[in-house]
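Encoded as structure tokens, the following chain is the form predicted on its own, with no partner shown.
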Amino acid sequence: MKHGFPIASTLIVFVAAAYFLVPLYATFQFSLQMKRGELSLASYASVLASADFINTLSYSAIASFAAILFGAILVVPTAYWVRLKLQKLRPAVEFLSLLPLIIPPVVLVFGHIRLFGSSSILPLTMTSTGTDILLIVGYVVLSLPYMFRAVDNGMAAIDIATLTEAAESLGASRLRTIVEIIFPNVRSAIVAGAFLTFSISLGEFVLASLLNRPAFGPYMVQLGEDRAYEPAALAILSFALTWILMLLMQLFATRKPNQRLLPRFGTGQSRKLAP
């Protein structure tokens, strides 16, 4: 049976691509017009020559990767335990994971300042390291809805009960099962959540600004108030950097063996577990 050309779906894809690419092209075109009457990369050279660009970008990148690491350590065992043993608490956990979408970031940061200010038992805001920790925790909270759902969907695609029983029958502890069996099997899901975590953290403004951290988001806002063409160049550079890092993480996530190996704990050997 012959099918006609999918006009409707093609049109939807074209409109969606245009909605995304046309503003991007306009921003790129504007960033090339720093020198009047000619197209040049002067705005990009100006941005890359700035020490603030390197410092703020490296700071936000490190904070973002730390948030990804701590988020994965928090979410993967939680999602695993809820699916394995605490099915009745699943609605409550899902509701808690959605709270960052409801509570504004400004409320979150003022709560941090209030709880960990100079008059509290644990005055983290009094030191630079403590404030950095609060910022990373804030990034973890903001990315929690996306990381939890990505990991939870990844666990839905594997039989964690069978994997757990097989690992325990070979002498593995619950912690070793999570680290050596569950984490590798949901690696792609973790990377999917990491994409969104990195995107949210890199350009986040409210938390970094109110905590007075030298992050990339406040730097972009400040540059936009002082310059004309450099902010457009900075937007293109940040977009390109984000996608390059995402592609690298995706390559890491998709590099998987044909079969998962389930270690034979205590013997140093292994056996193949059918996919």
Partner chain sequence: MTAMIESVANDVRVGQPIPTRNIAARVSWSWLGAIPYFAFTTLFMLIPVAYLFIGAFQNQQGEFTFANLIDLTSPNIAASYWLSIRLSFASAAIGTIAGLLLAYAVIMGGLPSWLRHAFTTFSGVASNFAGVPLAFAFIATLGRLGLVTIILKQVFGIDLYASGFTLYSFWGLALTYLYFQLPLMLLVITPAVEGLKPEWREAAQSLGANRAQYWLEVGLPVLTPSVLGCFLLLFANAFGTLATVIALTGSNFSVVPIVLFQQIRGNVLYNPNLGYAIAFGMVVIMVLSNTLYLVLRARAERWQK
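Predicted, not measured: the structure shown is a model, and the values here were computed from it. Take the two forms, find the largest set of C-alpha atoms that superpose within 1.5 Å, and that set is the rigid core. Positions refer to the first chain, counted from 1.
The same protein has a further form, the form predicted in complex with the partner chain, not shown here; the description that follows concerns it.
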Does any heavy atom of residue 126 come within 4.5 Å of a heavy atom of the partner chain in the model of the complex? no
Check residue 108 for me: does it contact the partner chain in the model of the complex (non-hydrogen atoms, 4.5 angstroms)? yes
Although the partner chain is absent from this view, report whether residue 66 comes within 4.5 Å of it in the model of the complex, heavy atoms only. no
If you check in the model of the complex, is residue 191 within 4.5 Å of the partner chain, heavy atoms only? no
Heavy atoms within 4.5 Å of the partner chain in the model of the complex is the criterion; list the residues of 163 to 200 that meet it. 165, 166, 168, 169, 174, 196, 199
Any CA movement of 2 Å or more for residue 155 between this form and the one not shown, core superposed? no
Against the rigid core, is the Cα displacement of residue 209 between this form and the one not shown at least 2 Å? no
After superposition on the rigid core, does the Cα atom of residue 175 shift by at least 2 Å between this form and the one not shown? yes
